[in-house]
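Only one chain is included here, represented as structure tokens and corresponding to the form predicted on its own.
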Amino acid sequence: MRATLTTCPYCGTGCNFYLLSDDKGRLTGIEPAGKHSTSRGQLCLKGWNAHAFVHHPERLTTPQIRIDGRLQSCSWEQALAETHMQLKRIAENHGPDSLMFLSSAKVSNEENFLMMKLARAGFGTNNIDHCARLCHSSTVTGLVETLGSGAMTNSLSCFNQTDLVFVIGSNTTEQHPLIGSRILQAQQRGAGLIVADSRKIQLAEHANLHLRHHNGTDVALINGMMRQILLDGLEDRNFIDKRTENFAALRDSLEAFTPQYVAGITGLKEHEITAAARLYAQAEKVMIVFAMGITQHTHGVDNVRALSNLALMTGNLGRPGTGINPLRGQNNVQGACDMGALPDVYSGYQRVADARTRLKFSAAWKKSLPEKPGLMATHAIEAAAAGQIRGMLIMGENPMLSEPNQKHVRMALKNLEFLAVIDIFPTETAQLADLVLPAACYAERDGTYTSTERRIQRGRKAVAPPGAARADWQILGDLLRRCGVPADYSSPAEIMEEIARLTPSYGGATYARLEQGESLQWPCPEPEHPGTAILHRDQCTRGKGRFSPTRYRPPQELPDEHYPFLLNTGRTAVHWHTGSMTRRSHLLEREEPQAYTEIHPQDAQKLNISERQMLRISSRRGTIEVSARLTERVPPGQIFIPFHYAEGAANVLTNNALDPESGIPEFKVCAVRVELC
């Protein structure tokens, strides 16, 4: 039996465990890493089963090319030559910006770096993005503006030192279970807990105060709390005066947000808003925790700005036990952003529009580089539907389940002249492709991943990939060389050396340090630098923290007489994103095998709905059928559907209206009708 230490492939917590393999090269189980600083010998249900999908019989093992409408096996040489030729043809005939490259939060830092290098140096376009567009693009946009950095400000160890945790828009115990356990442990030792969520999530049962505000009213709630803090004189004047700017504008913008006004918008009682403000402001150290309940709105950036304002107003920044802590949903969302798999920045958030930055990367890659920022992933879907994007290379993403308004997404992808997909399973997106390239999964390749707390960690190869499958970095390296771009890498360690040379925040990150047991948090600018556990200690990354006033804007689509229910979407405790891995894990699939909707018993009684009865859910964009689950977890008038199930895909229903700044869709609010099948 062999034990290989690696990083969990699921959420962004960054847990480590040992993959156990036998002498035949097959995984047999998981063993927690007892001394790891994040997981501390614990794992969630998904982590315990993270080996189960690796040897699944549906793994892709050979390249496939579409001939006469059917995908058929072909050689790697044919597949790679065809991929390069088709992308090159489209770029030459219609311009480089007729191509789109979708990178992945499931692959390593090194592979995300090569994907953005392929788009920019290989094909001359900044049209590169990944799934952060669907989860935390609002976070990056909002926090970069107010603080200068779009990442989690503190470390998970800070939960041991905080006096209060304010959880808003995060079902932490189900989506980030080991972070959820830290929050519960903090409360058990005496810290306060405020939960703001329309659903009665598990954390709400332990909260000192549970705010069940209407979905999409977060700005009104947070502004109301800040107004009350100022009215009570509980703001941190010393911090405001020394470390922030634009406070007068914020103060003036809050005048209208009286408890009565906010209660009318949010559905809360006035005393709940006042109590939340005082509980928050009277604590010496507060950690704000949020996730996609905050970000996935057409005003998601404003939600993030409001939370940043709240932290700055009370001086909850730059100290242990404080901060603004967005929880990343996938194991390498943070790393994919760091590596420049975004349309407007290179690695380390260096702007493509900056001439000196372009010159640095151009000199390293020996290619002229485009200066115009590229398309966001959500805008690329619109452009594909309009015939402006004609070719796509998608790595490790499944937009056919993850993007909103699935009918529109299918039409857009089918409208492409050429679609190539790199993946480990025949996903719903891969089934539409002209070429499918089989990839190694996390257990079959080396690399690094960056967790939600900016911690750079190793992933290690435990077993060989199935059949002819290859690591993504090898596939991308071959395509780069066909484009005439330097890519003679013998290992991911050499790619990290290039990343460190070009990326100041990763300048001190090396495989040698990681192999010695160091677990580095960026910024880590030099080989001797220990890493940075807490950001913005003496000053914000941008200098002074900037207050950014926000106004309340309602969601784009609210219930009406034709579609009287509000739909909220999210994940379950046992499944993960589009289900391509967890639904191929026997024990996890056994726990939640069927698409369902949560509906309040009062609503069920009005519609004569029984437990497990099949329902037809319709929006202005489509219809699905799911089983009923009667529960008071959701308030009357709202339903909740997890988005893991292709046979009952919640994103058939969701609204593809976008935040105008971040391009994120409004997954958390749309209007639906509920009927018996």
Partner chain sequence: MLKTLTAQDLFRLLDRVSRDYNLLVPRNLDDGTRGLVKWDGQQLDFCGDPLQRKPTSHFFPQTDLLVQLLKDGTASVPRKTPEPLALLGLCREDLQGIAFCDRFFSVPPADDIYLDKRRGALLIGLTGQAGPEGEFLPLAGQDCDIELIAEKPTWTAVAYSEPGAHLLEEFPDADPQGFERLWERSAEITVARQEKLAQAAQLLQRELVTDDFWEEIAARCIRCGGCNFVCPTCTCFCVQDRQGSHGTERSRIWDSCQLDAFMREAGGHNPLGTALLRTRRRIHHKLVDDPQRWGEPGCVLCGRCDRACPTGIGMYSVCDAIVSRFGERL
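Only a predicted model underlies this, so the values are computations on that prediction, with no experimental measurement involved. Numbering follows the first chain given and starts at 1.
Only in words, not in the display: the form predicted in complex with its partner chain, which the text now covers.
Pick the stretch from 240-248, 583-591, 459-467, 407-415 whose residues have a heavy atom within 4.5 Å of its partner chain in the model of the complex. One stretch meets the cut-off, namely 583-591.
Which residue among H206, R358, R513, R212 has a heavy atom within 4.5 angstroms of its partner chain in the model of the complex? Of H206, R358, R513, R212, the residue with a heavy atom within 4.5 Å of its partner chain in the model of the complex is H206.
Just one of S402, T173, S149, T298 has a heavy atom within 4.5 angstroms of its partner chain in the model of the complex, so which one? Comparing distances to its partner chain in the model of the complex, the residue within 4.5 Å is T173.
Using the partner position in the model of the complex, report whether L184 sits within 4.5 Å of its partner chain, counting heavy atoms only. Yes - in the model of the complex, heavy atoms of L184 and its partner chain come within 4.5 Å of each other.
Taking the shortest heavy atom distance, is L535 within 4.5 Å of its partner chain in the model of the complex? Although its partner chain is absent here, L535 would stay clear of it in the model of the complex, with no heavy atoms inside 4.5 Å.
In the model of the complex, is there a heavy atom of its partner chain that lies within 4.5 Å of any heavy atom of L20, even though the partner is absent here? Yes, L20 is a contact residue.
At 4.5 Å between heavy atoms, is F640 in contact with its partner chain in the model of the complex? Because no heavy atom of F640 falls inside 4.5 Å of its partner chain in the model of the complex, the answer is no.
Taking its partner chain in the model of the complex, which residues along 609-624 bring a heavy atom to within 4.5 Å of it? Contacts from 609-624: just R612.
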